[in-house]
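Quick setup: one chain, the form predicted on its own, written in C-alpha cells, and binding and motion questions come after.
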C-alpha cells in the first residue's frame, strides 16, 4: 500500500486454517499488512493430518512441515514460535503472550484451533496418559514404544484408529476402546464399521467395544484401564483420542461471545468487527467444523474481507469424508442412516472387501457410504449436493458413474429409435 502506513495484523495460532488464510490474503493484498503470528509450538506450520504417517514410520517430521521458518521470513511475516497468547486487550487493541511479549493490532485473526478432549476420570493425569494432537504427542508415543509394550487408545474414530495403527507399527500390543458398537460411527454405518473392525483385528489390533472408561490406575505411571462394566485392560500407555474441543480460552478472556466455538458471522467476523476467527475454534451458524475443506473455505472468505474486498460470504460447507484408514479406503456423505421414507441400495462383496450403500429419498440421493472402493464417491457427492432426481439412474446407480451413465444413454437411444 503505497502512500499509507501498513495496518497491523496479528494472528493468534499457527495452524493449517490460519496459514491458509494468510496465503489467500497475500495473494489478494500482499502489501496491506505488517503481519505477526503467534504459534504455541516451536515449529512453522505443518500438516497435522500427516502425523499418523509419522507415527507409522512412513514419513518424518521434516516431511510434514508445509511452511518452514524461511517461508515466513521471505514474506516479511514475524513468526513468534513457541509463544502462546494469554490475553487479548480489545480496548487497547493488543495481545499479550505468556512470555510477556506485547503486540498491537489493527485487525486480529484468531486461529487457535482445538484441544484434545481428556476424559474426566480418575487417573487421567498419570504419567503415560497423553493426547494425540501434535508433534510432541507423536514423539512421546514413539519414545514410549521403545520402552514399553502395551498401549490403549481411547476412541474408535479416525484419529484413534490411526494412532492404534501407528503404535502397532511401533511394535506395541494395542487395544482400542470405543463407547459405541460401531467404529467411526459418524462416518460409517454398522456394516462398514464391522468390516473395518474385522480387517483391523486381522492386522493384530484388539478392541473393547461399548466400553465406558471409569478409571485409569497406576502407581508411578499408568498400569490399568478400568471400565464401568468391570472389565480391565493392562496399559503402559494410554492415548486419549476421544474428540476435540474448540480452543476458546483466550476468546472468552477477551469477552467475545462463545458457545462451543467463538461465534462468527458469514464474513468470519466475531462480535468485535476488528477480530476474525477461522478454523476449529470458530462456530458458524451453530457448527464448529473439524475437517480441512470447510476450514480452507473459511480462510478464503476471511482473507477477502481482511483485504477489504468485502464481497465474499461463507454460508457453510456440505460435508463429505474421503479417508484412507490403515490401508482401507472409505467415503461417506450426507444422511446415510436412512429411515422412514428412504430406500437403500446396497452392494456387498465381502471376498473383495467392498461394500456400498446409497440412500434415496423422493428420488434424490441423500447419503452414501463406500468401503473398499471409493472411486465414485465424488460423483455421488455431486448428486447429493445437486439434489436432482436420480430416478432415471436408479437401477444402475450402485454400480457407479461409468456404468450408470452408459446404461442411461443406451436406454435413451433405444427410446429415441
Ligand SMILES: Cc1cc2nc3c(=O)[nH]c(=O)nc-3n(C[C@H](O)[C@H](O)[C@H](O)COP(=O)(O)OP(=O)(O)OC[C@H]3O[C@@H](n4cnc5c(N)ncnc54)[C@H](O)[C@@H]3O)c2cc1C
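Because the structure is predicted, anything quoted here is derived from the model rather than measured. Residue numbers count along the first chain shown, from 1.
Another form, the form predicted together with this ligand, is not on view; read the next lines as being about it.
J.: Considering this ligand in the predicted bound form, find the one stretch among 40 to 48, 26 to 34, 62 to 70, 375 to 383 with heavy atoms no farther than 4.5 Å from it.
T.: That would be 40 to 48.
J.: Indicate whether residue 147 is a 4.5 Å heavy atom neighbour of this ligand in the predicted bound form.
T.: Residue 147 lies outside the contact set for this ligand.
J.: With a cut-off of 4.5 Å between heavy atoms, is residue 78 one of the residues that contacts this ligand in the predicted bound form?
T.: Residue 78: no contact with this ligand in the predicted bound form.
J.: So in the predicted bound form, is this ligand close enough to residue 274 to count as touching (4.5 Å, heavy atoms)?
T.: No, residue 274 is distant from the partner.
J.: Residue 153 near this ligand in the predicted bound form, any heavy atom under 4.5 Å?
T.: No, residue 153 sits far enough from this ligand in the predicted bound form that none of its heavy atoms falls within 4.5 Å.
J.: Among 222, 158, 306, 330, which has at least one heavy atom within 4.5 Å of this ligand in the predicted bound form?
T.: Only one listed residue qualifies here, and that residue is 158.
J.: 172, 258, 295, 129: which sits within 4.5 Å of this ligand in the predicted bound form by any heavy atom?
T.: It is 295.
J.: For the stretch 232 to 250, which residues lie within 4.5 Å of this ligand in the predicted bound form by non-hydrogen atom distance?
T.: In sequence order, 247, 250 come within 4.5 Å of the partner.
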